[in-house]
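Quick setup: one chain, the form predicted on its own, written in structure tokens, and binding and motion questions come after.
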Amino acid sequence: MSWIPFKIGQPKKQIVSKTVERDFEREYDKLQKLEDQTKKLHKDMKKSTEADLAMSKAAVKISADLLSNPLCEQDQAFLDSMTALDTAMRRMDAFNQEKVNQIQKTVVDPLKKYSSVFPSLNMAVKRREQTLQDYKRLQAKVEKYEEKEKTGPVMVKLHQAKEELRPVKDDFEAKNKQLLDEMPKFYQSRIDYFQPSFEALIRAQVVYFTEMYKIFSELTDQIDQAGLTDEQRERETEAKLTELRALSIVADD
């Protein structure tokens, strides 16, 4: 936490105990870290949802491009496979959009709203610090007159200085007490605030991936009629590639 470094008008009397100041700095430091973490999480969640949408949109684009391939006009089996793939990608995109919308409402938006509270908190801390500086300045002024010879004019100024100090002292103590009482409560409230959001995030992901399992299981049944393993498909692809390389038009000179 940044404090005003100037020493002008500093009183000899310690008006805020080191224990109180240490407690205040500890609680405020926790909230500053919470603010940074909340902003980072909000930014990361936005990036994640944007990447999710981009991924499903790209998959739909690829399947549409494959479906428009001239080969589909010549090979019915290839057309059937690409039609099944395109249908699956569009279903995936629809479920993904639904998931992203749910995460936006239950996670991203609450994170943004939570972050919007911190400027008010920081302003309250700033007002407390400004009042503390006024308190120190006026206390130093009182001490200055208390050290002077007790003449009539000095006593009048001392009385005026004490009258000026009293409301500022009361104002600081009220601000300080309020912040010391409420900062720990605010920090502790993060658990009750965020727990429903993170539970909603988990539920949205579970629903989405459950549907993805169904979609791709159906797709596998539709296009994997030969029942070949990945290794068998790889060997078949290599064999086809070898045949292509044997053609004179692709042979090395």
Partner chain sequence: MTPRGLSPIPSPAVDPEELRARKMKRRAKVIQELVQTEKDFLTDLELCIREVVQPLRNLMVVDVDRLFTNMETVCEVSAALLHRLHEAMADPDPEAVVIGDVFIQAKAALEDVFKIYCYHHDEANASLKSYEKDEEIKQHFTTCVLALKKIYDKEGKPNLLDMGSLLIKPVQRIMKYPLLLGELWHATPEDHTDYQPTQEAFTAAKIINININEFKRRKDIVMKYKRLEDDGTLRGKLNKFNIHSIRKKGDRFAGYLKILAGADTQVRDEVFDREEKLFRSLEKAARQLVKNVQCYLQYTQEMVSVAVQSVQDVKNIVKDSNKNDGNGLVHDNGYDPYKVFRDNLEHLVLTPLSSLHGMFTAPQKLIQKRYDKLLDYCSRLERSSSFSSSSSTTSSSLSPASEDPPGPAKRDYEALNALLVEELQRFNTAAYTILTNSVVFLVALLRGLMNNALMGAPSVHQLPPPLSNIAEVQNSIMDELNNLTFVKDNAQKLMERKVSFEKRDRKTAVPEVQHQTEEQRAWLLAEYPVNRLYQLKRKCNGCQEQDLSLLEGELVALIEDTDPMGSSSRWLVHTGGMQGYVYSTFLKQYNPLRDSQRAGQMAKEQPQQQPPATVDEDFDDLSLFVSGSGSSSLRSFKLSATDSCSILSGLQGELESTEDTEDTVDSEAQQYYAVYAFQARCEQELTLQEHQHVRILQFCDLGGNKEWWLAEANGQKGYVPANYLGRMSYA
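Just so we're on the same page, rigid core means the largest C-alpha set that superposes within 1.5 Å between forms. Residue numbers count along the first chain shown, from 1. Given the structure is predicted, the values throughout are model-derived calculations rather than measurements.
In what follows, reference is made to the form predicted together with the partner chain, a form of this protein that is not presented.
Undergrad: Using heavy atoms and a 4.5 Å limit, would one call residue 162 a contact residue for the partner chain in the model of the complex?
TA: No, residue 162 is distant from the partner.
Undergrad: Taking heavy atoms and a 4.5 Å cut-off, does residue 167 contact the partner chain in the model of the complex?
TA: Contact check for residue 167: no, nothing within 4.5 Å of the partner chain in the model of the complex.
Undergrad: Would residue 135 count as a contact of the partner chain in the model of the complex, using a 4.5 angstroms cut-off between non-hydrogen atoms?
TA: Answer no; every heavy atom of residue 135 is more than 4.5 Å from the partner chain in the model of the complex.
Undergrad: Can any non-hydrogen atom of residue 37 be found within 4.5 angstroms of the partner chain in the model of the complex?
TA: Output for residue 37 is yes: heavy atoms within 4.5 Å of the partner chain.
Undergrad: Listed by sequence position, which residues of 73-107 have a non-hydrogen atom within 4.5 angstroms of the partner chain in the model of the complex?
TA: Going through 73-107 in order - heavy atoms within 4.5 Å of the partner chain in the model of the complex - the hits are 74, 75, 78, 82, 85, 89, 92, 106.
Undergrad: On a core-based superposition, does residue 240 travel 2 Å or more at its Cα between the shown form and the other one?
TA: Shift at residue 240: 2 Å or more after core fit.
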